[in-house]
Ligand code: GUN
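So this first bit is one chain, no partners, the form predicted alone, shown in structure tokens.
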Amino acid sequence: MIAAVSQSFVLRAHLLWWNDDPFFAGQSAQISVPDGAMAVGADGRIAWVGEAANLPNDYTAWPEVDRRGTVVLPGFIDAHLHFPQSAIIGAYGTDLLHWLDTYTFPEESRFGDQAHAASIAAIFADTLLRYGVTSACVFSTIHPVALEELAAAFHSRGMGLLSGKTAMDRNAIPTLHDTAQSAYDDAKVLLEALEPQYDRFGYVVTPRFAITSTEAQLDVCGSLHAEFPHTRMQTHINESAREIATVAQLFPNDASYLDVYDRFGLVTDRSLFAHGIHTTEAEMARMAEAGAAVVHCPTSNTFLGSGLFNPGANRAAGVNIGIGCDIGGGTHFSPFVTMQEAYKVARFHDQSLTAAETYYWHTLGNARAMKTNREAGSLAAGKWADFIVLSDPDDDPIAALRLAHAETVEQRLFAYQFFAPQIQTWTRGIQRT
């Protein structure tokens, strides 16, 4: 990680971002400034952005950072991944529940050890930065110390973090069980300690999923979410057929998987539901009504054989869509790999995702889903200066051949999903990689 030096400067580059969902808003959603300038203040926020020829006099004396010949985008945002699963990416398994029992739960049981949690948190944060991810909504474990170390790692790198202590009081190995009361008590202590300490940390109420929480625990999670109305809520839903059948057995009086969460006040405009592959029309209608978001995790879904998410059906229902790598069921930290897989999955539904659509999901779309869009997700004045500098891959003759056919920046971005570019990552106006 490059040493942090905070100073005012003006960045020169081709600036590109989205101020709305291009699927619905069309080309007008994309802001492209080929000869752009972005003034970044010493406070780490964007002071001004626009055509270089129009740079106000207030900023002309600031040092210039020349990145002309590159494309600068907002930093990528990941809306769903598990930091304690970093060491089990690509572990051989069968379906979701087998994979959790065999690999995930034993690995997560190690995170009560502070030194171990700190070590993995540092590797995790540095890896995200290397791939251009500047903020994320992350699952931790049941251990308060794991969340504390994760929050410290993100803060020291200027990254934005939404996370919370995971709640699990059944159907896991005993060392990963908490209780309904401890889930509430630990979460409240962590929320009140970490949010004032770190200015880019937001607490997320985190029942892992309905299978691993009793009704009593889901009830206290709903109470916590209501008691602190700024909190987000993250969990999993409709990921695999066996998971859905198990939920139906555990909650026989609920009409659907989503109804379980809804009964406890967990379906709100601050809720992020990972996967949503097998979501019914009625569930999608309820999510849209509530303003909840579904987070598409394509590499995880294909690796575990869980199914193929249908973006068109969710769009038609009015559901907000985010995207995530879902490490460690997901197989790569890189947003370029995630977007590539999302494109492939959509093709199975006879849909073709444009580069604007997938990059929007990984920037402003995720910020909107995570309710951080006032602070991140685009290159607008007042937001954190989180951005990535992209240039063509080095020493890759096939990539060079492919990119020679890219006549527009949109075509170049589409190709980057398959031939990942070189990346420089900046958070809070400081170069980190």
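As the structure is a computational prediction, the values presented were derived from the model and not from experiment. Residue numbers here begin at 1 and follow the sequence given.
Form predicted together with ligand GUN: not shown, discussed below.
Scanning His143, His225, Arg208, Arg270 against ligand GUN in the predicted bound form with a 4.5 Å heavy atom cut-off leaves one residue, Arg208.
Distance criterion of 4.5 Å from any heavy atom to ligand GUN in the predicted bound form singles out Leu96 from the list Val220, Leu150, Leu96, Ala342. Residues with any non-hydrogen atom within 4.5 angstroms of ligand GUN in the predicted bound form fall in just one of 178-186, 279-287, 80-88, 126-134: 80-88. Residues Leu100, His236 and Ser300 are all found to lie within 4.5 Å of ligand GUN in the predicted bound form, as judged by heavy atom distances. The closest heavy atom approach of His275 to ligand GUN in the predicted bound form falls within 4.5 Å. Taking non-hydrogen atoms only, Val260 never approaches ligand GUN to within 4.5 angstroms in the predicted bound form. The shortest heavy atom separation between Leu304 and ligand GUN in the predicted bound form is within 4.5 Å.
At least one heavy atom of Thr104 is located within 4.5 Å of ligand GUN in the predicted bound form. Contacts between 323-359 and ligand GUN, taken as any heavy atom within 4.5 Å in the predicted bound form, involve only Asp326.
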